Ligand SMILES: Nc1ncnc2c1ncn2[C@@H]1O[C@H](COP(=O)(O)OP(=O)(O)OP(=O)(O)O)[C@@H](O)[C@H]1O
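One chain follows as structure tokens, the form predicted on its own.
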């Protein structure tokens, strides 16, 4: 076997609302993946997954990159980047073409996909992903692979995901200013699913909710393919802000309280070893006593609101029947005590908290990143790993944004 990937380095950057996480992995000639470096710093300059202050974002990226470089001893020049935010839209679309020969060719499949994605979208949006769900050949339903089948009419159903061009441009620009070339942009719920969902869950049908800092990203998989995505506008930062406002304390102290003592179901109150917590304030050297039960009274309504939105989404699109394997929670917000228990009661299905997993003997995950907060970053690495054999070339007159969007749309046949 040729040593094409000896000492190859893969880098993923999860640019989140609350944290910037950089993961560096080495890939040997046998395809074994091993984490070589980690960099993580608080994120400044983003709101709900969207860059609102590019200078602060650049500084945060630089700090995280330096940490990862120092730990790995590797100079980071390019990376695969996650993208999310309220600007992400998605919908299902169908296409139909006549089969040119007696059997379906790759050209026929390409044409029917083009037909399915030929729909009007807002001028400020760009197609990020076109993900085939299934095909029909002469009316035969749910054909997963139509290549080589005989017929005269080919139909396709695809899941189309779009994002705001300006949001992608700002993420790419921030990375460039930080000295990082963007290899690809990946929708974050696709990356998280790579890291935490088992092949069996994907095949049987499962939902995944990545509760991040600015948004909660939802996706449903069935027959190994994604069939639905949605970005919910509430996540971890909203819990923190609610505490800060409700208790009249600084944001930083509210985040500490949430992380150490926060809970969203009453049963978790029994697990706490104290009724009150004294915190120091950031002014006049003062302190404040907080009743721990008040954390539940503030945090529970926000958790219920997130699950109400998710329940509505599942009901409106009749997704429950596509989720026999239940719901997987991941992201930093899933660590808040009681989030799993509330979901169990609300959705009456299996619920588990997902962490990065080793699905084969070619990946080694250190204990340090076996946490939901690293699901997106590690999933980005797995995406990058699956793309390692693919080379894309574009003319010099094509912008970086169009280069990235072009690569994203070309992923379709590599993954499905």
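Model, not experiment: these values are computed from the prediction. Positions refer to the first chain, counted from 1.
Beyond the structure shown, there is the form predicted together with the named molecule, which is absent from this document and is the topic of what follows.
With a 4.5 Å heavy atom cut-off, would you call residue 229 a contact of the named molecule in the predicted complex? Output for residue 229 is no: heavy atoms all beyond 4.5 Å of the named molecule.
Check: Using 4.5 Å between non-hydrogen atoms, is residue 88 touching the named molecule in the predicted complex?
Finding: No, residue 88 is distant from the partner.
**Request:** State yes or no: in the predicted complex, is some non-hydrogen atom of residue 335 no more than 4.5 angstroms from a non-hydrogen atom of the named molecule?
**Result:** Because a heavy atom of residue 335 falls inside 4.5 Å of the named molecule in the predicted complex, the answer is yes.
4.5 angstroms heavy atom contact with the named molecule in the predicted complex for residue 331:
Heavy-atom contact with the named molecule at 4.5 Å: present for residue 331.
Tell me, out of 65, 381, 35, 373, which residue has a non-hydrogen atom within 4.5 angstroms of the named molecule in the predicted complex. Residue within 4.5 Å of the partner: 373.
Note to self: Only one of 206, 195, 211, 79 gets a heavy atom within 4.5 Å of the named molecule in the predicted complex. Which one?
What the structure shows: None of the others qualify; the residue that does is 211.
Notebook entry, point to check: If we take heavy atoms and a 4.5 Å cut-off, which stretch out of 144 to 152, 242 to 250, 125 to 133, 213 to 221 is in contact with the named molecule in the predicted complex?
Noted result: Flagged stretch: 213 to 221.
> Out of 24 to 63, which residues reach within 4.5 Å of the named molecule in the predicted complex, heavy atoms considered?
Replying inline: Just 49.
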